[in-house]
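Listed next as structure tokens is one chain, alone, in the form predicted alone.
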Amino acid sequence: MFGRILKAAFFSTALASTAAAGELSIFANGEELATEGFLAPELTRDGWQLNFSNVFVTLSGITAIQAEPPYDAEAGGEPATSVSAGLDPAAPLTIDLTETDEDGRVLLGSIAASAGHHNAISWSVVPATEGEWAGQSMVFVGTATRDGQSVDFTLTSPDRHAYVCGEYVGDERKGFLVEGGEADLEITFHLDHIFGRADVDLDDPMNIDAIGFDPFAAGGTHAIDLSGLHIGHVGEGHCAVVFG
């Protein structure tokens, strides 16, 4: 049932009808930790291998921004927006970070946008309004293995978190849209900020804040508190985040 609702939300995202210079596509990416799992040596901070069958995230308010001056996520606050373009705000959009295209990403939608450099993006993680996981904003379903023991798990979070991010940081810059052209932006979810990483020093700030998997070692369904964790990024670029 939830899968059907997810697909309906996915395909309802349409190109905006406003006059604009080109097409801007926006993607979400949980990276290999979502699609391949936490595999050695990149186990969780407490040594668990995790394989996900689903990583559901519900999003709203997805807005591409041309900011001048460029947005400083470390300083926080609101960007100095000169131009913005958003996906349909009428209903939250639920996606599964494990169901990706050949580039390992999930298309959120394509919008008509003005020419220029879309060097910032904002969005919120919000509870789903319908389906099996209504009331939950993130749901992790999978199998955890350590020392020959395997358990099936479902972790649910109703937490709300709103992100404002600067320019995407990665192998190539994103968001440059020319007249009549196409460009893309990416929302990135860093799952190691939730579960930590065994191949990173335990005193690394990420591992200090991460929950790990030990609290859920019994398997089954558990609530997971994601408040205070900086999960959302733009590639390796940082975001300002507000919880609640």
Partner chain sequence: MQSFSGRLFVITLGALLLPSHAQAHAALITLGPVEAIEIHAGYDTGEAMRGAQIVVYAPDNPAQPWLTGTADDSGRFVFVPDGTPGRWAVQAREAGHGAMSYFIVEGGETTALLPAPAQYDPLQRLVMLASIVWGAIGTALYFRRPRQRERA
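Positions refer to the first chain, counted from 1. Model, not experiment: these values are computed from the prediction.
Form predicted in complex with the partner chain: not shown, discussed below.
Enquirer: Counting only non-hydrogen atoms, which stretch in 34-42, 56-64, 178-186, 207-215 is within 4.5 Å of the partner chain in the predicted bound form?
Expert: Result of the contact check: 207-215.
Enquirer: Do E68 and the partner chain share at least one heavy atom pair within 4.5 Å in the predicted bound form?
Expert: E68: contacts the partner chain in the predicted bound form.
Enquirer: Quick one: does D171 come within 4.5 Å of the partner chain in the predicted bound form, counting heavy atoms only?
Expert: Residue-level check for D171: yes, a contact with the partner chain.
Enquirer: Even though the partner isn't displayed, in the predicted bound form is D152 close enough to the partner chain, meaning a heavy atom within 4.5 Å?
Expert: No, no contact at 4.5 Å.
Enquirer: Residue-level question: is D88 within 4.5 Å of the partner chain in the predicted bound form, judged on heavy atoms?
Expert: Contact with the partner chain, no.
Enquirer: Even though the chain is shown alone, can you say which residues of 70-88 have a heavy atom within 4.5 Å of the partner chain in the predicted bound form?
Expert: If the 4.5 Å heavy-atom criterion is applied to the partner chain in the predicted bound form, 70-88 yields P70, Y71, D72, E74, A75.
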